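Just one chain is shown here, as structure tokens, and it is the form predicted alone.
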């Protein structure tokens, strides 16, 4: 790993503390294998090999702490919290004092193209925070008591990770006492004046939630090998 040309220190925090209960597996999904490789390993490798990432922190559950320490020696490993937000906070606390920017990534999203990381870091030159997002391919509706109403999908986005911020911005959001399901929402709640933006995401950076998702991601991997 090399420092980026701007001299900024960039730390990736991979959140790998979830139980994966929706996948109906005894093994948390980030530790399942795709083509004989742990799902977590794909995103760890993507960040470790990226020339603008200086450090990788993995936040994981107490049950898998020793496993991750043993199998990912190039990463700093810290225990997770009771919620995703708590786990991200633990990762932030583990960042070195020299860290300028943080990239928060879900371990259940194994495929992250290097150009997405490039775009996120470039956007931080003008934004306080940024995340990749894709436009829905299907028609979208909002369910209401009276039925439903159509939504304009051109103005909707499916938000992905890594969600990237100047470290001080995200730390302040966590200190605010606000609660949200992701970092973009947390920063928006705690700091309405923050400059937040989105870059084009990648369809393959999908989140493993169902058994079918494992097959879809395997197809992406197979295609990449051809």
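Positions refer to the first chain, counted from 1. Quick caveat: nothing in here was measured; it's all calculated off a predicted structure.
Beyond what is shown, the protein has a form predicted in complex with cytidine-5'-monophosphate; the following relates to that form.
At 4.5 angstroms, heavy atoms only, are 15, 29 and 107 all close to cytidine-5'-monophosphate in the predicted complex? Yes, the whole trio is in contact, each within 4.5 Å by some heavy atom.
Of the residues 98, 83, 142, 139, which one places a heavy atom within 4.5 Å of cytidine-5'-monophosphate in the predicted complex? After the contact test, the surviving option is 83.
Can you pick the stretch from 68 to 76, 107 to 115, 147 to 155, 125 to 133 whose heavy atoms fall within 4.5 Å of cytidine-5'-monophosphate in the predicted complex? Within 4.5 Å of the partner lies stretch 107 to 115.
What residues of 168 to 203, in sequence order, lie within 4.5 Å of cytidine-5'-monophosphate in the predicted complex by heavy atom? Residues within 4.5 Å: none.
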